[in-house]
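What follows is one chain in structure tokens, specifically the form predicted alone.
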């Protein structure tokens, strides 16, 4: 069994994070690390009181920056498996053992827990657009519920991965470029009770996300072609 660390990036999640930590500790025998992304509320205090280890960032790095900080922590402390999940309570902890089991059985380097039913029509159109641009056969690019093995951890802890703005398409394209296997497992999600998405909080942020991700995809087209040729030439 791999030595697993559960990583939760969190910004102003004092209302939900205690229940999430308790749920993870109940269903998984692993350490929980909360990466506090410069919260202005009591996220740090309640997370520590709930039994989690806390990495307290001095400045706001965004969801991917906070997640990468947790991944680097895992690599430095000898973990060979990282499970990431959101601190907002949408992911159901009782689903986590099945996700980890599916990850180990599939031999994938990355396993994404997806709930395609939650996707709006706009997101379904956007994801189809990005699937055509990237060649990634993934149904839900923004799911924060993922399992990474040691090879993925080593790549995502790199300086190259620090250049990414988001934790979704760019991360998967980087792993695809290095030849890693990506798998998806259906999961169930609950509606968000407090707060909102940091990526899709306004139309301005959505437009910025679409523009930056499109530019990233276009910049990576050459790498995608190289990976395709390498895959075809492999014995």
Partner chain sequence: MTAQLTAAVLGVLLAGTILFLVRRDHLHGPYALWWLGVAAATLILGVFPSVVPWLGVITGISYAPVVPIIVGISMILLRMLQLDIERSRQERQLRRLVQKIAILEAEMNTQRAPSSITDPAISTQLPEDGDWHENE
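Positions refer to the first chain, counted from 1. Please read all numbers here as calculations on a predicted model, not as lab measurements.
This protein has a second form, the form predicted together with the partner chain, left out of what is shown; the following refers to that one.
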Which of 203-211, 180-188, 61-69, 22-30 lies within 4.5 Å of the partner chain in the predicted complex, heavy atoms considered? The stretch 61-69
**Message:** Please determine whether residue 53 contacts the partner chain in the predicted complex, using a 4.5 Å cut-off between heavy atoms.
**Reply:** yes
query = Taking the shortest heavy atom distance, is residue 75 within 4.5 Å of the partner chain in the predicted complex?
reply = yes
Answer with yes or no whether residue 163 is in contact with the partner chain in the predicted complex, where contact means some heavy atom within 4.5 Å. yes
Exercise. Verify the contact flag for residue 92: yes if a non-hydrogen atom of it lies within 4.5 Å of a non-hydrogen atom of the partner chain in the predicted complex, no if not.
Key: no
